[in-house]
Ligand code: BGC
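In the form predicted alone, a lone chain appears below as structure tokens.
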């Protein structure tokens, strides 16, 4: 079979090549790849900034945003041939730490977790892959190709859960939510928040085009420019850019007792000591919470699946702006101005 692989920590080593069939020890369910979403993590791995190959291998199969069709369900009675499935990304550490021991592997305390297509386990950018039944998630068949959005939606399911949970520390009822960044995570955050009945605002750099149109189609309000200039005091902020200045502005703009949930990972530049103190003072004086959120456990995968199943298919389809063939994977890694979610499509749904 063919797979898109890379030698981690070495730039310019990614290629579409012949690769061994997946080992049955990797999971009893055999899956034919349909599509794999591309995100910034994949780009960083290809650039040599990140990633670890499985033990005994020098190369890593890329891809963690999966969608596939079951070829052989193996011994599992929960899956049948033809089911659309996605694979959960993270695996608990082998120790395990207390969090991993109770299924909260997204909260791993010792960093010994592994991740498909990222850290020590081959990913999903291959014509066929295997998955353990406990890490396979069924996709509503009516979603079709849109099922590839499940993994990024889990990020939002967890982020919103964090915001709600933290809010219970005091008398607090959110009405207004700001999303910074209108990439796929930001737009999915706006979708989820609107489905919860919140007054949603989205901030991004684009002044016109697909992103503002998609925000307005949800019934949300779109802003461009600075967080400081949007004219609202949000009860919660989902930060999806990873840009230092946007994060600092968000912490100062959030309302009293509000929560800023950081989901974006970026390089954002340096904030001076004085600026850091100012930001910290804003958080202290308003009883704010700044929380980081990464990955998701099985509970969030179920929540994300339910959210996508209830979402408008026409709106969701606009998030997938390009489909590339596996042999053209390099084009998928090159971001264009109007791109939202680019997918590498291995087969028809």
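Numbering follows the first chain given and starts at 1. Just so we're clear, the structure is a prediction, and the values are computed from it rather than from any experiment.
Quick note: we don't show the form predicted in complex with beta-D-glucopyranose, though the next part is all about it.
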Complete contact of 50, 64 and 90 with beta-D-glucopyranose in the model of the complex (any heavy atom, 4.5 Å): yes
Per-stretch contact check against beta-D-glucopyranose in the model of the complex, the hit in 277 to 285, 304 to 312, 39 to 47, 55 to 63 (non-hydrogen atom, 4.5 angstroms): 39 to 47
4.5 Å heavy atom contact, residue 318 and beta-D-glucopyranose in the model of the complex: no
Distance check, residue 297 to beta-D-glucopyranose in the model of the complex, heavy atom within 4.5 Å: no
In the model of the complex, residue 215 touching beta-D-glucopyranose (heavy atom, 4.5 Å): no
Contact test in the model of the complex: residue 199 vs beta-D-glucopyranose, heavy atoms, 4.5 Å: no
Contact assignment for beta-D-glucopyranose in the model of the complex, among 249, 204, 115, 235, heavy atom within 4.5 Å: 115
The single option of 150, 155, 136, 254 touching beta-D-glucopyranose in the model of the complex, heavy atom within 4.5 Å: 155
